[in-house]
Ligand code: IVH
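Only one chain comes next, encoded as structure tokens, the form predicted on its own.
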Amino acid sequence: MDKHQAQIRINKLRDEIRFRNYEYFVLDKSEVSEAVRDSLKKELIELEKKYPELITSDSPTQRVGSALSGRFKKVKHLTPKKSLQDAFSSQEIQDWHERIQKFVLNEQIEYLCEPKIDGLNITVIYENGIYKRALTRGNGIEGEDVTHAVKTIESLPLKLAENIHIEVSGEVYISKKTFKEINEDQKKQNKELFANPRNAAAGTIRQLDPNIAANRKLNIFLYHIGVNNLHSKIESQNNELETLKNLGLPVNPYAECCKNIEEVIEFCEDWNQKRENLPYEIDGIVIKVNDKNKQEKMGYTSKFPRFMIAYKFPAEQAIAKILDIIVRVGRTGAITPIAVFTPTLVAGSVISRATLHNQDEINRKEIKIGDTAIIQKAGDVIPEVVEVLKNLRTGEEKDFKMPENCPVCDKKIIKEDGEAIARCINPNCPAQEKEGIIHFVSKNGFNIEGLGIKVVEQLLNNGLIQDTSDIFTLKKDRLLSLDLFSDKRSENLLQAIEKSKIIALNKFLFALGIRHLGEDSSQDLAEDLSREAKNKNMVFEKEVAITEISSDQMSFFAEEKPKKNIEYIPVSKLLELMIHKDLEHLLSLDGVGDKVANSIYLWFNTKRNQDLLLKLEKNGILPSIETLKSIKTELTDKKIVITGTFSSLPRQQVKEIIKKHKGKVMSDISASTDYLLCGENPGSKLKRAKELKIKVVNEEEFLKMIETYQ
């Protein structure tokens, strides 16, 4: 901007800062965060530095003076890692409390609250009390082996106080002081600075040279015990932390028991105020039901444990100028407006774009091109525009209107009645093809490592692929002709593609990108197809090479299994089953409503999609059904109720084993129950089972029943 434009902007900024300071310091209220006021002041400082002749004695800036990678082996976790549901306000914490209360019949619930360390989740395994292995969280099922780096953490003992097998999880972090020292060292070496301590910790853990990790003074707090052979049962979260401490493992000293939800909210609010005084970064509070028995009653949803939640501190905010609003075409044709703004540091990283969702949302927030906006990261992750500062408008701002035609294929954009989202309905739109391929290879689909957005774009732009099936025909010589590919990278990608050909049926269905078909409904549809395919003898067996964690949870570490039989449904048979499914049948499935059923039906009855499926089969795709080597076990088709706790297996793992053996886990005893699986400290279900003469199976008997699965 020229000097005249700068003068206008400076005046607007000064007025806005004065108004916000008045609100905060005089009226003792503020509609924006302190970070927003800091951002306004920072922009003013920069402009005054550029045009010092425009500085006046009454400028707010004058009050305080002058301007202030190698590859790691993937290993399966012994205990799958679950994500946590987030809460962003005291009301959401209260709502969560009310939801879980019903599982314990309104009994008083005590909670354990722990500061949520902003670090890297790590799982550590000890065998006979000796440090054995450390893994990153990864995708929750398997993580990267970072044993060499975690071993350098001085606070983490290499030998425990007891000679036990145990899996523990926690957070690796770098202190604020160390982070500053690391960045000073990076600067001296003309290397890129880390954005925040978490990034520094993650970068350090992934260093191939352990000497680098040792020099960076990593630290760790542990908070969870997984698979173990402890001598005594853990009764509560508080007891779990005490157990970790007694073993010699470091835990956060600020964890605290709260008698009720009011104390929990007070704890969260208190730490939000004093977190800056800690020597390390925290980004929230983890709230857990303290009593382990109550946790078991609450159980899990498909994604989260019900008995814990993560309260996230209010997102850091900043201001940015909206330079433009562009539109993006998604895999289902959805046209999404995107705000493009000046690159701005928010919550530790620089962001320059944020979705505006749809035209209605733009109208509601009165967003214009050229506006100065408050931006933040929702959940400290997803960039969003909170609101615009209308007082800073100059009159040159422009309204935005959605285009009438697709910006990629130029076909008409349609907005259906009752929907907020406009769509390109051209099935051959190149943008939809690209987004569909990106979805297809994503973690929840085929999970092809090395096939990211830039690679997909390069493959499309150079004509190496036209649709998802072409991925499986790629050759090394063609990849080497591209800028992004070296000899090694080409080999790694081709290996990842080959490995992905055997894919769980539910993930295969999800990867197809059928509109409205999410992960849960993909699972429901997969189970229905599996049953029908077995009844019609459409399931086939194939021996494949594989390495996996042993299913025997009494064994703590990975066993090499060079070959394994898998059962799969040929894609053509899958198509045959789907073509004959009517809407009424689809609607009968759990989790499948009108929209999902219609989308599934239309997708499988479209010639273009049918041709794609047959090409996928031709290129070697095998949608597998996770089954037992021995189809029939003592648990198959049995209705099983569980009571009590088990010394060798977590209760959730017991349920998963029963399901893998095709048994049915029931919640209540009835005359149709086949077995009561009884652990220590059983409840009233044992008495009820004896009354109904239901067979009672103890832990030792249960382990013998599943031996056929080893």
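Computed from a predicted model, the values in this text were never measured in an experiment. Numbers for residues come from their place in the sequence shown, where the first is 1.
Just so you know, the form predicted together with ligand IVH exists too; it's not on screen, but the next bit is about it.
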{"query": "Ligand IVH contact at W96 in the model of the complex, heavy atom, 4.5 Å", "finding": "no"}
{"query": "4.5 Å heavy atom contact, K116 to ligand IVH in the model of the complex", "finding": "yes"}
{"query": "Non-hydrogen atom contact N260 with ligand IVH in the model of the complex at 4.5 angstroms", "finding": "no"}
{"query": "Exercise: L84 in contact with ligand IVH in the model of the complex, heavy atom 4.5 Å", "finding": "yes"}
{"query": "Proximity to ligand IVH in the model of the complex, single hit among A422, L356, I502, M308 (heavy atom within 4.5 Å)", "finding": "M308"}
{"query": "Listed residue that, although ligand IVH is not shown, lies within 4.5 Å of it in the model of the complex (heavy atoms), from F400, Y223, F341, F103", "finding": "Y223"}
{"query": "Candidate stretches 520 to 528, 615 to 623, 285 to 293, 438 to 446, one within 4.5 Å of ligand IVH in the model of the complex by heavy atom", "finding": "285 to 293"}
{"query": "Residues of 460 to 494 having any heavy atom within 4.5 Å of ligand IVH in the model of the complex, listed in sequence order", "finding": "none"}
